[in-house]
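This document starts with two versions of one protein chain, written out as structure tokens and named structure 1 and structure 2.
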Structure 1
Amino acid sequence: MTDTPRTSAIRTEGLAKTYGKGSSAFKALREVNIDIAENEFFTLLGPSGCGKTTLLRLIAGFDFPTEGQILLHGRDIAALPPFQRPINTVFQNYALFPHMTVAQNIGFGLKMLGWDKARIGARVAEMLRLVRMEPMADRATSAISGGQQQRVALARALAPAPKVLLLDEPLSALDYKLRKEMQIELKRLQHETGITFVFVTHDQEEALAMSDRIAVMNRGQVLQVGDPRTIYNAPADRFVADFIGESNLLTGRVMGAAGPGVHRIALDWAEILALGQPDGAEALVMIRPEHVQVLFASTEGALPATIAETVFVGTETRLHLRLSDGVAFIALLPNADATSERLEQGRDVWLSVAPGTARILGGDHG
């Protein structure tokens, strides 16, 4: 995203959804306020049951809010049925017509909209080029792969040129390698079409790789909205830090400021510098595993630990450690620096935290 003024595509104001009444009432969404820009790849990220799919359904018009507004380019659409909203949705189940060809599936919605045959043909050809499926135009959708079916579903949803495209975990049925390939394809399609994408996923790696901005959700609330680097490096609270990537969370005493936005935090066995503003005499500090250097000799200021387990994960080795007070801790060691002789279970090591990487977290929404 550029620094030019942002034009809002979708904005929600005080959006809430409650199912049931009385003592059995369940609040699926609570006072959700988000602002999604035009031509933005915006992701709703959170665990199962956090409310992200409910929010997507409200934007699509498949359900209606209990309170609040849904504004599309400033117009409240919360009470409109789906067919009156210039919004399309791609679901986990692509719902393609198996008796139709790829081209016929893409053109079906346009036919229902009353487009003439020539116009449909031109638009279908354009969509086939966009999703790189021209050779498959006349093939039945039952005779193509899962990744190709996903491309057809995307082309069908993009064909009417909606203002917003909603994607409800559309990659979940694909294998790992194909998911990675389709992440790149989705990002390309969003850039080439200029359509606002709102993507739902519980996969934080997927969200970080694809999104311009991410809204992290839990228990029907939006906890933090930001670009991937901010969400990862400066999580708003314990839940976001724990949900986005791996993190080590330690509680220490605030000893005082060490510079603008930097505080000295005393742990039971060492003192570290952490970014952020503590709320009181104690602070919850996040340390990412990749920001830890593993030392094999005692060093002043380093955290003493013992190796509990080593896990080889390809490009790196994950060390599961125990600190001197028994707290679990994880460090990632590049395999160029890791040898089995040095990482045997039970060995004592010392952990040095890279300067400027530890961060003080805010309130706990976990």
Structure 2
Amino acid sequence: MTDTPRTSAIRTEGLAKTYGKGSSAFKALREVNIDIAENEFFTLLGPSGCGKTTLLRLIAGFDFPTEGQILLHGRDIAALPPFQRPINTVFQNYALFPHMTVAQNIGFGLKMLGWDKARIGARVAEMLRLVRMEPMADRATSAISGGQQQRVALARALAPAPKVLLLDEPLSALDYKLRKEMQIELKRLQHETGITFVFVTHDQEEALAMSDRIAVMNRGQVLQVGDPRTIYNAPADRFVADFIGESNLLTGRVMGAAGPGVHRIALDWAEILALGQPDGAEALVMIRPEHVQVLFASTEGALPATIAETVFVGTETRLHLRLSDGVAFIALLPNADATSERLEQGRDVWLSVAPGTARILGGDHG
């Protein structure tokens, strides 16, 4: 399901980073092997402290790996200082130079590369146009809004036409609407420039919306790499299923195969069909809330449950349910039909899972 990258832009081999020594050593990254294709929008996704920022800093050259290699178009750059890598970064808080104007900020990298004044001027004008900031060229960076600072930071990092652009949670400081706008803007910039983007975020929605491929990380390890659909529909393990979107995770007994890649799983009160390969007698089954249908009468293969709470969230209604064994369960129902009005608290309902949507997860069954 994962595309095979055509030409690799960044590849890491056995990359590891340990801070400190002896008993106080902290392994920020262990055995990271990723392969980012040229012209790809690649996202490193994970909770804070998962190592995604460390990985980004190693690629940028702000930190150096304890072990392993970082290959840029096949050349090991792990030991090069940042100013010798054709890689630029958009920093989380933009890190714009406060003593320079917008145009001076954008031109800084070019000036350091030794471009002449006329060429810098032309390139800066081009960049200002690209991020739609032409009228702001001579402003102080403190005299523009957060969204505009974001655009300047992007223009500054794109100006030297790097091989790879690194973005460290660049949208986290913006408000919701601006963030949505910038997501589209970033995609546009990536298409127009054709530069490989490596994007770090802890926001799974952002990652799903923008990425060609996502690497989900936790505790210094890459757990799964894949396109957004694969990551969402077929998470590799419990952590990925839990972190990306919402999911109901139930443990059941494997009753046998029901077809190629489909197994019958017995839960406490019903038997359901799930995709995937169990690795034992027990299996962890993931059911996404939007794949659940609520029925008002007992049906073959439906799970009995009680409505604990109903939350109206605009386009949908979120149902917090309790299964008969007391386990919490979430269902997400579109508000299009009239059934949503019948979902009062305390009502007994039956949950049916859309065929082909339940999935058996690998890894631990904890």
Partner chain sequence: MADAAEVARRYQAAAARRRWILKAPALLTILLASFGPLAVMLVYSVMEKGNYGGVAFGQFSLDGWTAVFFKYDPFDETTSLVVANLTVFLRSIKLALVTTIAALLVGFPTAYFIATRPAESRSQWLLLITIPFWTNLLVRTFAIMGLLSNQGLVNNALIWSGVIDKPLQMLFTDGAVLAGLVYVYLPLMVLPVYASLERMDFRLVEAGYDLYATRWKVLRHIVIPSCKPGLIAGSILVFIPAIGAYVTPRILGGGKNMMMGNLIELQFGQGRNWPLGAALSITLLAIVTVALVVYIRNTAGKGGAHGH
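Here, a residue number simply tells you its place in the sequence of structure 1, counted from 1. As the structure is a computational prediction, the values presented were derived from the model and not from experiment. C-alpha atoms forming the largest set that superposes within 1.5 Å between two forms make up the rigid core.
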The form predicted on its own: 1 or 2?
1
Under a superposition restricted to the rigid core, does Ala103 display a Cα displacement of 2 angstroms or more between the two structures?
yes
